[in-house]
Structure formats: structure tokens, C-alpha cells
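Heads up, the chain below is alone and in the form predicted alone; it's given as C-alpha cells.
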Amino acid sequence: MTSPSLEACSLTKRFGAFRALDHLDLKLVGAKCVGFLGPNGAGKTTMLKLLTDMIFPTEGECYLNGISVQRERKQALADVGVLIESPEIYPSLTPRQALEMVADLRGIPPQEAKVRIPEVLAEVRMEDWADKRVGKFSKGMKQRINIATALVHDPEVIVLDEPATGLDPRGMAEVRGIVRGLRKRNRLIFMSSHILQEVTDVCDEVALIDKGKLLFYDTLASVTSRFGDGHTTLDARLARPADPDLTVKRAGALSGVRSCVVMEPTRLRLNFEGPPAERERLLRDLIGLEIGLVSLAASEDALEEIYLRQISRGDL
């Protein structure tokens, strides 16, 4: 099985005198979720539209699974699911009817669609609403159906443009949960966002863009280590409230941990010194403390600090 891939080669887009993208190079390979970060107007949506042939580049070329989008559009996009700028579904349709229409447009045989559509509805947690009219749905429910339309042909590459923007907290949490579920298959997910919590919650890697230029692309752990003065700020989530004294003392004594504080009853913040590979050892050590560890991830606050610092600099 070949790994899904996405590549932009010297991608440039000018609108008159304005340069929305400036010779951007980015290559993603393998099943993972990559967050595409940047402030409003940085060029994120322009990049996604170029990748999916919605607009044409001034210079450069895009490749999906090794196939040129500009030269072999149909073949390049055949195994790609896209959700850009949230389309509106006909309110008189049910989710099943909407997906049948998309499946027909995609050329999926009716018998195959009959099997695939219930699977997709389950994937976006809308199977109980399959035959209700979309016009009565909340904005979050509609967005889940929009995501389902991008999945109906079971693509290897999924491109999402700020899928949780404009939703209430519950809707945002639901969409993030769905994106996390999409990672379970052999899929490459490329998701633009300006919400740092969204990226830290669901993404494996992050690419930061500003003023049409790529500032960096790396794993979350490497980004926080590389741009965090040699230290990594990690948040440890616990299944039960931590003992403020004993837990902090034991976790703070682990190798590489410079400090440990209780941020919330079930969340510790660790300042860790060491290369990204050492986090595997730290994870084992924390599990060994039997404090109810359920997750260990780069702190959103650390990523926010790096994000703001790199945007203000505009270069590396």
C-alpha cells in the first residue's frame, strides 16, 4: 500500500499586485493529521484552493498522491476529499439523500453507495439523523454532513478548511472528535485553522504560514522544542484529580523535568528539557507513577507563544 501524499512546489499566487502565496514549498507524506496554521489573510485558503484546482497558480505546481493537479486534474483529485468554505446543503434533503447525490456525482455505483453511505454517516456520528431534513439541523450538525460529503468515496487525502470555525463550543468539540476519528485509517488529513487548541487537540504535525510564506513545518513536539529555547512545555491529562503535593513532587523528580505544576485538578504542566525522542521515556516514567495518566501533549500555551513570536518576526 502506497502512502498518501500532498506536495506544493514553488507555489505562487498573485492577485494583481498582491502576492497571496510566495514560492511556497511543502511536502506531506503518510497517514497523519497536519494542521495548517496562520493568521487571517496569511494565504491558507488560497493554498487549499490551489491544491484542489479551484483556482490556478501564477507559478508552481501541486501534486496529490504524486499526480499533478494542474496537468492531470481528474486523476489527481480522484482519491481526495475536500471541504472548503462550508457549502450549504439543500435544506429539503435528508443526509442520506444528500450523500446519494454526491455519490452519484462521484460516479460511485448505487450498490456500493448503499453500503458506503451508512458507514460515512456513522463516521460523522449522524446515523440517527439519516432520514431527517437538513433544514432543521443545527450548524454543527450541518457541518458534520458537509464532512460526510468529503468522505463518501473513502478518500486517502482529506483537505479541510477551518472545519470548526463559527460553531458553538459543543459543535467545535464534535468536529474535533470526528477529525480525530478520521486518523484511524490510512489517511493524510491537511486541515487549515487559526485555532491553536484545535491543532494541539487533533494534529500530529503543524505547518505555519504568514504573508504567503512557509515559516516552518514539523511535529508539534519538535516545534515546541526547536523554538521553545530548548525546553518543551507539556500538559499531562489525568483520569483523577492529582495530589497537589505528592504528584508534583514525584513527577517533578523525573529525569528531564525542570518543573511541574497543577494547572487544574486533572491537568499537570511539565517544563521538560530534552530532545523529542526523550518524550517516549518521559511518557513511560509518568505511567509508572500510577497517577492516572491518560494523555501527554505539547501545551497549547507553548504553541501559542511560538506562533505569536514567529508571526511577529515573519522569518526564522
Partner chain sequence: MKYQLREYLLSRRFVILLLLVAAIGVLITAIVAHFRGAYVSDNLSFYQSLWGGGAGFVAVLSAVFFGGDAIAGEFQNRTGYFLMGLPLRRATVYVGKYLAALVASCTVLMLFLGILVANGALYFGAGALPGQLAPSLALAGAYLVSVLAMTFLLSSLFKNGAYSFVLTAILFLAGFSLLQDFMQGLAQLQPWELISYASQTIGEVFQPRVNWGLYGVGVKAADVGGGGGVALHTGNVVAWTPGIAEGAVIMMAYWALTLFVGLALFKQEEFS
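Positions refer to the first chain, counted from 1. On a predicted model such as this, the values are computed, not experimentally measured, just so you know. Take the two forms, superpose them, and find the largest set of C-alpha atoms that agree within 1.5 Å; that set is the rigid core.
This protein has a second form, the form predicted together with its partner chain, left out of what is shown; the following refers to that one.
Proximity to its partner chain in the model of the complex, defined as a heavy atom within 4.5 Å, singles out one entry of 109, 181, 87, 244, which is 87.
Screening 263, 29, 55, 289 for any heavy atom within 4.5 Å of its partner chain in the model of the complex leaves a single hit, 55. Annotated contacts: 75, 82 and 93 all touch its partner chain in the model of the complex [non-hydrogen atom within 4.5 angstroms]. Contact check for residue 149: a non-hydrogen atom falls within 4.5 Å of its partner chain in the model of the complex.
Although the partner is absent here, residue 15 sits close enough that one of its heavy atoms falls within 4.5 Å of its partner chain in the model of the complex. Its partner chain is not shown here, but in the model of the complex it comes within 4.5 Å of a heavy atom of residue 104. In the model of the complex, its partner chain sits within 4.5 Å of a heavy atom of residue 49. Stretch 67 to 75 is the answer when you ask which of 162 to 170, 207 to 215, 117 to 125, 67 to 75 has residues with heavy atoms within 4.5 Å of its partner chain in the model of the complex. Put the two forms on the same core and the Cα of residue 135 is off by 2 Å or more between this form and the one not shown.
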